[in-house]
Every structure is written in structure tokens, then in C-alpha cells.
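Take a look at this single chain, the form predicted on its own, given in C-alpha cells.
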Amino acid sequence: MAKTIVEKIFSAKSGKDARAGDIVDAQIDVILTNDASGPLSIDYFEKMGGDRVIHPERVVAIIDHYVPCPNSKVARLHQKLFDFRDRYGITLVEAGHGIAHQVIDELKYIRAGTLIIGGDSHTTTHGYLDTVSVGVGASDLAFALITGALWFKIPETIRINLTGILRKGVSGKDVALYLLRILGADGANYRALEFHGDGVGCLSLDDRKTICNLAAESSAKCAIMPLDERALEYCNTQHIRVDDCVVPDEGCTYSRTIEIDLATVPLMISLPPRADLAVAIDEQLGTPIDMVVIGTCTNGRISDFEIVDEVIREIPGPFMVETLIVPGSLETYKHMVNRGIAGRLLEKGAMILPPGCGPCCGSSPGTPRDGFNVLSTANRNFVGRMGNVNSHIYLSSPAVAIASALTGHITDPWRGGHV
């Protein structure tokens, strides 16, 4: 019987002929944690009587949420990760190297056909490279540390067919918000999203990461993009094995099919307080903005800041609002410095924060003041997300965010004599 990608990967990892709805015990290839979820996972590990990590070479802990460490309470949480590393031999990436989802990518842990779990809901990001990548809770992660496996109910799959080519200036972030508007906040609840169509080929690998990242906001279990020529070329240049890549069988069963012509996707804005409340930018042009944040695991990559640089070179004048720049990784930051991007941002009045999650989840400096309208490139905008329940968060692509920082209101960077 024909199988979807998620059914094939779970079959391979469980050693069973697995189908949607089945419950299986599956072997985990990569376990990702951070300083937000990791300490609690360690607590569960100890309560479960854990005395060893069965596959320490598969475990990566990355300090990214509380960077730099803000107080003694968090310092103790960080120390718990260091102690766990020293005792069990896992890999620990220290503060300042960047966001877990970006850093683990740069460390080449992501490989087609694998099963990845992470103590963060946006672990879905890594499905861009033909993986099943799932966010889990602290107790599940602890169990996987001890046993190397975890039970799963295999999700049904929604097929997303992408056709056409994006218009100038429209990005993967816009596609992701457009899809969220279609699905809604729980429209993919416990489903896998599987992307197909010739439109996928026009998406950069970073665009694909962004789309898979935002899949979590539709409550998807995971999001998967099969390898195509562009992805295979990337794997070749990065020396990433592709011998376990997976494609769906002809005639496999999907719970739903969604068709999107990329040529019809406009620049998008998500309205507070939910990411799926997404509208075309034309409906929000001129909305006043008090703060802009560019970065996060959604849009903190080198390609995002290259687009930002393109915009600031064309639109004159300083930033009109508080503008926070948060590189997704130290490698990204180095690139920004070497290319002069960081200097040009500073000249216009931006503040560049250390590589990490930054103010996205309200755990690091950058909390907006009461009444502030924030335009962010993040993935969540619910009430209090950035640490102040009396602020309002809008979501957009990096190009729209940086253009709006230069005007003080939501702005289309590609019209009105701009870029």
C-alpha cells in the first residue's frame, strides 16, 4: 500500500509497516534542546532514574534563549546544562553562537530521511531537508535521552501543491503567512504538511526553512519538503549525505490537498494576536510602528540580512523607530560584519543584539513599552509574547520590517520609488 513521506520515515525508524494512525516506538536520530527546555528535561531525566545517555553523540544542547545570561536564577539553569554535558558527554553549544535551529543546521546534523526531536515547537524547521522533525515536551525528551527512542502516533498528511513563481520581493515568509491564513491556527493539528509542485523549485533553501518553521503555527506535527535539484545541490556542496532521502509513493493517501499559485501570493502582514490573522500588506499600509525586530529562528539568516541591506541602501535616512537586529548565529553576524551590513545598520541607528533568540519570547533584552506597535520577523505575536501584555505585535518579512523601520509605519519596500 502506498505511503506518504512521514509514513515511510516512521516505518524505517520503527521497523514496522507503519500507517497514519498507528502508534509506534521509533528510534531518534537527533535530539535538540536549549536553555529554555533543557533544564526541565534534565529534571525529568533524573526523576526517571536516568544514569546514562544512550546516544550522547546524537544530542545537542544550545544556549540561545537567555543570552547573555540575565540573572543568577538563569545562571543556575545554564550550569545544569554544563554539568549534564560534563557527566554524559553530549554536545553543548555555549551562549553567543546563535539560535538552536540555525546552529544545528550549520553543524550539519540535519540529513534527509532522519527523525529529529527538539524541545522547542519550531523544530519543524528542519523538515526543509526531507526529515521528520518534531517538537516534543520535556518529559518525552528525557525519555528519548535514556532510551534513544520515543513513541509516536503517526500523523495524517496534508499535501501542499506549490505552482508558479514568486513575484519580485515576495519571500518564503509571505508564503508561510499566506498558508497560515488558509489553514488557521489549528488547521493542521497533529498533521504532517508535505510540499510538492514545481513552485518548490523557485524557493531558496532559506525560504523553505522559514515555511517549515511557521508550520508550527498551524499546529502541524511536522512539515516536509522532499529533496529536489536545488536541495540536492545544497547537500552536495555542504557534504551532507542523501542516500536516505525519501519520496512519497504514487497514490498515497492525503487527508487534504491545498493548491497555492505562488504568483498570487502578496506581501503579507500578520495582525495581533495570532500569526494566522494574515492579510495582504495593502490592508495595513500606513499603520504606525514603534519598534522593529529583525531576526529569530524564522528570519535571522544571512540571506535575510542581505535583503535588509538591499533595502537600506535604497531608502535614505535613519531609522524612525527603535530597531533591534538579532543575527541568528555567530556565523551570520560575522558575515554581516565582513560585508559591511552591520556597519550600515548601525549608521542608521539600529541596535545589534548578540546572536540568539533575542526579544522574541520575552526572555532577553528588548521588551516593548506600553502601547507599542511592534513589527517583527518572528513567528508568534500573541499577547505578551515579547514580555509586555500591553504591546501589539505584527509579523512580516525582513524587507517589509526594515522598510517600515525607515518610515515609522508599515511600508511596502518595492513601491513608491523605493527599491
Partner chain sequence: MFEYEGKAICFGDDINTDYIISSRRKKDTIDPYELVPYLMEDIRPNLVDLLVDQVLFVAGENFGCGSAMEVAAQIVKAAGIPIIIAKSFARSYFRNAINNGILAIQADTSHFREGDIVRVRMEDESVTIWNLSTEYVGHHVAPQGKIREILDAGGLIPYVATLNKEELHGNRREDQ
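Quick caveat, the model's predicted, so the values are computed rather than measured. Positions refer to the first chain, counted from 1.
What comes next is about the form predicted together with its partner chain, which is not displayed.
Peer 1: Could you tell me if Asn373 has a non-hydrogen atom within 4.5 Å of its partner chain in the predicted bound form?
Peer 2: No, no contact at 4.5 Å.
Peer 1: Does any part of Phe84 reach within 4.5 Å of its partner chain in the predicted bound form? Heavy atoms only, please.
Peer 2: The answer is no: Phe84 has no heavy atom within 4.5 Å of its partner chain.
Peer 1: Using a 4.5 angstroms cut-off on non-hydrogen atoms, would Lys221 count as touching its partner chain in the predicted bound form?
Peer 2: Although its partner chain is absent here, Lys221 would touch it in the predicted bound form, with heavy atoms inside 4.5 Å.
Peer 1: I'd like to check something about Ser121: if you look in the predicted bound form, is any of its heavy atoms closer than or equal to 4.5 Å to a heavy atom of its partner chain?
Peer 2: Contact with its partner chain, yes.
Peer 1: Counting any non-hydrogen atom inside 4.5 Å, which residue from Pro248, Gly135, Gly113, Gly199 sits next to its partner chain in the predicted bound form?
Peer 2: Filtering the options by heavy-atom distance leaves Gly135.
Peer 1: Lys168, Lys173 and Arg181: each with a heavy atom within 4.5 Å of its partner chain in the predicted bound form?
Peer 2: No, none of the three is in contact.
Peer 1: Can you check 323 to 331, 283 to 291, 227 to 235, 266 to 274 and let me know which stretch has heavy atoms within 4.5 Å of its partner chain in the predicted bound form?
Peer 2: Correct option: 266 to 274.
Peer 1: Within 4.5 Å of its partner chain in the predicted bound form, counting any non-hydrogen atom, which residues from 46 to 64 show up?
Peer 2: Heavy-atom contacts to its partner chain in the predicted bound form: Lys47, Met48, Asp51, Arg52, Ile54, His55, Arg58.
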